[in-house]
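For reference, the chain that follows is the form predicted alone, supplied as structure tokens.
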């Protein structure tokens, strides 16, 4: 077995399955007889509670490590799995993020270097931001695993994250690489889920994990019982997905990810322009002649053929569900306070194919 591999799980966008991945990937690796340490650097400490570790039972947390008051060995505690240990997080991490006066981006790296001979994998659950704690995690890591939800708006922060990785690699950690992009919350019934995966594979090629994490009730229920999906429902699809992911990571551990991809971070950055976040059908229209419109514009026919991405950019998402094929906007008319004007947009294959205006008189 190669030396200990430290993997940070990061995405500054919340709700993409970052902590779920941290908990269940760590558990899956430990089930496969790997010695694993999970490090919770998220102020929400969901990875800690998700493994059944209660704050009232914690004597020491990672907060004291960042404060320089404790050796890292004293922060490590056991879990129900003998091969899995955790350095618990704490809500007090938020204070460190705010109050840090002399940033030391090597603090976590220096601490984890002393544990490398005790574990096969160290998994870091990062904060959903690119602040001091996350940068510490990047400097300490060998690679970064990026969970991305299978929907268009989850891709918006990907380019910014890759840019940060590039900066850290240049200035602080020349060996840092991208472990892979993990597609999460996949629903095969939704066409746009398949489209997002197709676009990512087109632009990021081998960076995309073969394993895809599907939407699964057991994955969302397990944390409320303070356990991984394997202890909650071992025969669930979520368990199978994360076991497959752990096998894939173990197989890749001996590979040089930077060269095996056939491109480096700089090349990836050049290809990751905003246009890949838009539906490919945009290329079929001349956007130079595309007039900006607003809710005050009476000619809503200009919305025909627009993608959900374009509509959201110009009109906002408001309370509409990105997955829905019917969006509604309320338009007020000052001339009549007792009547509301509603704009309905109907989508087909991610493009507006019907526009309706409706008026409702208030009683």
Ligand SMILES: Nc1ncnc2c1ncn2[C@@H]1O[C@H](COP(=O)(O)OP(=O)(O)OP(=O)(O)O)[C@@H](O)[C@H]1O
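For clarity, every value in this text was computed on a predicted model and none was experimentally measured. Positions refer to the first chain, counted from 1.
The discussion below concerns the form predicted in complex with the ligand, not included here.
Engineer: Looking at heavy atoms inside 4.5 Å, which stretch does the ligand contact in the predicted bound form, given the options 309 to 317, 322 to 330, 64 to 72, 38 to 46?
Structural biologist: Of the options, only 38 to 46 has residues within 4.5 Å of the partner.
Engineer: Check, residue by residue, if 19, 185 and 220 all come within 4.5 Å of the ligand in the predicted bound form, counting heavy atoms only.
Structural biologist: All of them do, each having a heavy atom within 4.5 Å of the partner.
Engineer: Pick from 239, 173, 216, 227: which residue has any heavy atom within 4.5 angstroms of the ligand in the predicted bound form?
Structural biologist: Contact with the ligand in the predicted bound form is made by 216 alone.
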